[in-house]
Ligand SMILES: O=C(O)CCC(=O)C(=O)O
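Just the one chain here, the form predicted alone, laid out as structure tokens.
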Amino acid sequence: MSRIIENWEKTPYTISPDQIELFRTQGFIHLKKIFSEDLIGYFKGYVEDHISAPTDKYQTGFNRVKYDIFDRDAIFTALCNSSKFGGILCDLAQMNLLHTQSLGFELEKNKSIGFPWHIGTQSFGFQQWEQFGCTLWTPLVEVNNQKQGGGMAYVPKDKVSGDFMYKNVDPSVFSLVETMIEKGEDISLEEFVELRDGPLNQPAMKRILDFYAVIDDFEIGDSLLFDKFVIHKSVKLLEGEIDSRAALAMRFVDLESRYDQNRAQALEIPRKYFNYQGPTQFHLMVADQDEALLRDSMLYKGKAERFLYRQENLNYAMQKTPEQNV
């Protein structure tokens, strides 16, 4: 195991019942100093070496971006294999988890605007809508809102939840667009994107979300864990001493999650009809049969670093394969 991970594991990190309840009700929790400065330094170097300029105009809110990173990195694998890391996340989620994907992205000072209000319908578009998913978002530089900004804004889901976007809006948009195309009616990629992202950024909804938004400062080593129903947006990096803000996002789902083939195929509408390649085809590789267990995918099967367990299940989990431990 890497020295960086060994040293990190020596420092205890406790999750309280109050934090678990807060995560359950509001959908996010600010985890202070969850990572060491050495680990953040490693993440920062890796992300900055692997991200690149956006490949399409709908990612140009970021200066650089890259999906599906850290897949074969030894230190990252050691972190995910760590009982400490799995224990923290699984205790908060109150379930065992599957690490599905990681990505890195970067805001440039005074230029990048990131994403407006949105939810992760791309990142969780392969999963049945009601099943649990979450993101561990880690800025790789300090985020100080008074000095420069550059973080994120997020709305407690007990104020406004994004569940309706997964349950109602996205399926309705997909059906609408495919019906229009079948009838030979004109629709552009820009209109498709507006149908998907517009509902959360209309003036009335935007006013509500802006009112309830939470914007935290982050020290080096802090992270934000938020579930997939939390509506969030980027905060622009303004003038100041930091030229760019890179961040790492790790996606997780309930280990019991099943594939939603129709939803995953619908994410191909831009590629199929508008010749838009998009940042990833990950959603098509997760499984090949509707309602299949995601953990049985060839992407994950036999890869111990993908499976995270609650502390109370740890000894049992280590004695069995992921397939036996569910």
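Note that residue numbering begins at 1 and tracks the sequence as displayed. Model, not experiment: these values are computed from the prediction.
Keep in mind that the form predicted together with this ligand is not shown, yet the notes after this line are about it.
Undergrad: Using heavy atoms only and a 4.5 Å cut-off, decide whether all three of Phe62, Phe105 and Ser234 touch this ligand in the predicted complex.
TA: All three within 4.5 Å in the predicted complex.
Undergrad: Can you check whether Phe226 is within 4.5 Å of this ligand in the predicted complex, heavy atom basis?
TA: Judged by the heavy-atom cut-off of 4.5 Å, Phe226 is in contact with this ligand in the predicted complex.
Undergrad: Using heavy atoms and a 4.5 Å limit, would one call Ile242 a contact residue for this ligand in the predicted complex?
TA: Ile242: no contact with this ligand in the predicted complex.
Undergrad: Can Gln148 be called a contact residue for this ligand in the predicted complex at 4.5 Å between heavy atoms?
TA: Gln148: no, not in contact with this ligand in the predicted complex.
Undergrad: Can Val193 be called a contact residue for this ligand in the predicted complex at 4.5 Å between heavy atoms?
TA: Val193: no contact with this ligand in the predicted complex.
Undergrad: To test your reading of this chain, name the stretch in 129 to 137, 177 to 185, 193 to 201, 94 to 102 whose heavy atoms come within 4.5 Å of this ligand in the predicted complex.
TA: It is 129 to 137 that comes within 4.5 Å of the partner.
Undergrad: Out of Met205, Ala249, Ile75, Val214, which one falls within 4.5 Å of this ligand in the predicted complex, going by heavy atoms?
TA: Of Met205, Ala249, Ile75, Val214, the residue with a heavy atom within 4.5 Å of this ligand in the predicted complex is Ala249.
Undergrad: Just one of Lys109, His118, Lys84, Lys157 has a heavy atom within 4.5 angstroms of this ligand in the predicted complex, so which one?
TA: Exactly one residue meets the criterion: His118.
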